Every structure is written in C-alpha cells, then in structure tokens.
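A lone chain, given as structure tokens: the form predicted alone.
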C-alpha cells in the first residue's frame, strides 16, 4: 500500500498542513494505543458536564487531553473542542484553527463497540463566522479492531490504516510517518446505496415521514447499519461505497443534537469530496451554514446523493 506521505507528496499538500495532519494522526494513535486499551471501565464517569449538559466520561476528558496536548505543540492558533465550553487560544500567529470531537461514541465504548474522533481544520485564528466550505482539511478516525482513518484536503477523500512498527526511539520522525498507509486514495460513494443508518429513532414517533421512510427501507430490503456512533456508521458507508446516515430534528428540537462545528461540517466535507451529499432537514447544504457559536447544532442527512435527495423530497411533500 502507498504511504500517506507518498499521497501528500503526489498531491503537493503544503508541509505545514502535512505536519498538522500527522500530529492529529499521532494524537489518535496515542489515544488508541495508550489510553483506550488501558481504560478502567469500572470507573466510568467524571464529575463534570460539557457545554451541552452531557455528563462527561473520564475517557472523554482523556481523549481531549491527548488532542489538546499535541495541538499545542503545532502551528495552531485556536483549539476548539466539543469537550471545552469555549475555544482556547493556541500559538500566537498560528496558521490554523482546529475544531474537533475528541471521542465520538463514548456512550457505547463500555459496550466494546467502535468509536472515533472527528476533526475540521481552517486557516486563520477563528471558527466563529466561518462556513464548513472554508475547511482546508477534515479527518475522521475509527478506533475498532484496527485504527482506520478518512482524510480530505479538498482533493477527494482517502481511506487509510495505521500499521504500527517497533521503531527505536531515535528514528527520524519522517520514518515514523510511514506507519500510516492509504488503503483507498479515491473513496467514492455510489448515487444509490443499500445501507441506512438512522439516528434519533425516537423522532419516528412524532415525524410521520420518518416512520414511513423506515418502513420503505425495510420493505425494499435495504440493510440497517446503526451502532449509535457517528464515526463508525459513516465510516461503514465510506468502506462499503454508499448509503445514508441521518440525524433528523423534530418540531420540538428542529436542529437535532449533532454539533455543526465539531461533527457535521467535517463529515460533510469528507462526504462531498467522496461524491456524496450533506444537507439539513430543510435541504440546506451543511457546508454553507455559518458557525454562529461553538456548540451550534444542526439536523443532518448525508451519504449517497440519490438517497439523500429522496428522503428530503419525502419531508417536503
């Protein structure tokens, strides 16, 4: 397999952006190898809540600490995390602002299911007032039987895998990067997929279009793939080459619960670069939504183009 370094060199990705992406990959690898495998699941909850009012797990805090620690060592002007009430300043004059969900799916980690991390990268020193279309890179990591990743730098979406080697401590950093391989440098979503990952199923009780759509998928023989984790579910769509993930809102909570900045915008970038579509329940393009505050939420429908367009048509009809 081609190394990620070879891919970046062929795509003429800037050295600064390469360095940041590799640092993010190492943050994911360090968390995967040093924290996730040694976590005490008998001592689950922290004594804190995040900005959205969710009770934090100690592993959420641990993941956040790993990412923040490595980002502070990079040319990063702003660090915005789902686990922080407000973004924190990085290096003065830093080139990039980074927004991330350090551990997506933490509520299912004690059940030994795959979880992951989501990252969006912007040039500059702010994320407020920005649109997802301004991202220069987006990444998603899946922590499962192996550490896999999906990356876009605006030149398509790639899938890759981490294959750790036992290198001596004094080996050059560039050589260590060769542990990240590209398994598919052109992830492409078919226009019609056979998989569906329906989030917020409770909404089907009040939203008739949702119940009807679920029944139609089942009758059509579509395949349900839903774990309760956004990263593994969308990762499955990337690997299989098509499908739809959705998290709709309701009349009481029209914008759902997924965060625009930390989750939806990065995945929308990855999906569009793979030839898919990512829109809100109203049909607005996710990447055109302006971030007004860090923990802003949005409904989201993304994946194969025709699947997304069909379901939005049902809502509007």
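Positions refer to the first chain, counted from 1. The structure presented is a predicted model; accordingly, all values stated were derived computationally and were not measured.
From this point on, the text means the form predicted in complex with a small molecule, which you will not see here.
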query	finding
Contact label in the predicted bound form: residue 226 to the small molecule, heavy atom within 4.5 Å	yes
Heavy atom of residue 72 within 4.5 Å of the small molecule in the predicted bound form	no
Interface membership of residue 259, the small molecule in the predicted bound form, 4.5 Å heavy atom rule	yes
Distance check, residue 163 to the small molecule in the predicted bound form, heavy atom within 4.5 Å	no
Per-stretch contact check against the small molecule in the predicted bound form, the hit in 239-247, 150-158, 131-139, 177-185 (non-hydrogen atom, 4.5 angstroms)	239-247
Heavy atom within 4.5 Å of the small molecule in the predicted bound form - residue from 90, 105, 87, 235	105
